[in-house]
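So this first bit is one chain, no partners, the form predicted alone, shown in structure tokens.
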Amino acid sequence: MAPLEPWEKVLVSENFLISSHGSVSCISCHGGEQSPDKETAHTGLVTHPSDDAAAYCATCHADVVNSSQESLHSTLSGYKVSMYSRSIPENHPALDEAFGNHCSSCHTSCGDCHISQPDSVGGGFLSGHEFVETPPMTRTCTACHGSRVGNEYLGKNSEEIPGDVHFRIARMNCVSCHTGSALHASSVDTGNTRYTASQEPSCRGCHAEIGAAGDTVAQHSIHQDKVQCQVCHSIEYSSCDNCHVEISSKTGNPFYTTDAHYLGFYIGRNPIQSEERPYEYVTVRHIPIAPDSYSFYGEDLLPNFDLVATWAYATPHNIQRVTPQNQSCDACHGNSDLFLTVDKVKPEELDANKDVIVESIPE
């Protein structure tokens, strides 16, 4: 490949220079010294200022920074909740080491969404160092959340499985439902996982007529608060079996492996039933975890593995108005293929999923 022309190396576009951020000097955010000499100019260079958002971003965006620094995108606390819930305090240091090597790279700062795109899709600026208020969906959101959410929403799992109706028909992007205020929300307010918070966004947030007086679909009133909306309006989605993390002896780089990745549709009992999520039946998917997932970092690090289900409450992003299971009453009721019955669960995971397994299929 021929060397890039000087103009091709420009990291700052003309649009950036006339923007509000462009009116701030480079060293205000990136440190260094004001000098025509490259080495001098780069003394003390701060390559990613938003990694310390309180020092750099909060000057103008204090309200967002104060909240987002404790958000799930920043803390990834859901991962630790999952790890610790299956373990004991004595094992937490080893799990913290595994978390730092394999999980923390998914942490996001302000710049990871609003200036650059993730390394998983090649990295680099979104638009010549411009600050993009609404991150582009396929270059940021689904670049990180691609293997499940992205493929489901965009219809990339199979040529026979269409994309989510909200994308395919309404052309909605992620922030149409997951607003900035929600993405920046503090995890302290959400119980440290996305499913212990209030159910937002919710289907009824847009579809308030569902189950209300005058709703012409009788099934909505019959099933209201008994089944999660996705039970009737989701289609096949992905699950993963197992996961093991290690450090490569050749490169020294952390890596992970999973045993299987497959499509299916599974209705289970609601393992997190609450006032917010009163449903008896919900869609569930298998999460990539095993008793020896972190064995590289020590023996028996998850001694309480069975305390948390491996078939978890799921919100697939592949919604359709018409699905195989909502064609008729008998398409779902009495159809054992749809329900997470004991024969679909691995023998060694039966105890972990006793609260999720459906023992008696609705007639």
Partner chain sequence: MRRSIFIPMMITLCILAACSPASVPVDDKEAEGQPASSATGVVISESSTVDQCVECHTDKSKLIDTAKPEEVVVKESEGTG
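Take the two forms, superpose them, and find the largest set of C-alpha atoms that agree within 1.5 Å; that set is the rigid core. Positions refer to the first chain, counted from 1. Please read these numbers as outputs of a predicted model, since none were measured by experiment.
The protein also exists as the form predicted in complex with its partner chain; that form is not presented, and the subsequent description refers to it.
- Using a 4.5 angstroms heavy atom cutoff to its partner chain in the predicted bound form, none of Leu183, Ser186 and Ala331 count as contacting.
- For the candidate set Asn66, Ser295, Asn304, Ser28, a heavy atom within 4.5 Å of its partner chain in the predicted bound form is found for exactly one residue, namely Ser28.
- Screening Asp300, Asp337, Asp52, Glu70 for any heavy atom within 4.5 Å of its partner chain in the predicted bound form leaves a single hit, Asp52.
- Contact with its partner chain, judged by heavy atoms within 4.5 Å in the predicted bound form, is confined among 91-99, 173-181, 250-258, 270-278 to 250-258.
- At the 4.5 Å threshold, heavy atoms of Val342 stay clear of its partner chain in the predicted bound form, well away from it.
- In the predicted bound form, no heavy atom of Leu350 sits within 4.5 Å of its partner chain.
- Mapping the unseen interface onto this chain, Val46 counts among the residues with a heavy atom inside 4.5 Å of its partner chain in the predicted bound form.
- Using a 4.5 angstroms limit between non-hydrogen atoms, Gln34 touches its partner chain in the predicted bound form.
- Taking a 4.5 Å heavy atom cutoff to its partner chain in the predicted bound form, the one contacting residue in 210-247 is Cys240.
- Annotation: Cα of Gly31 displaced by at least 2 Å between this form and the one not shown, core superposition.
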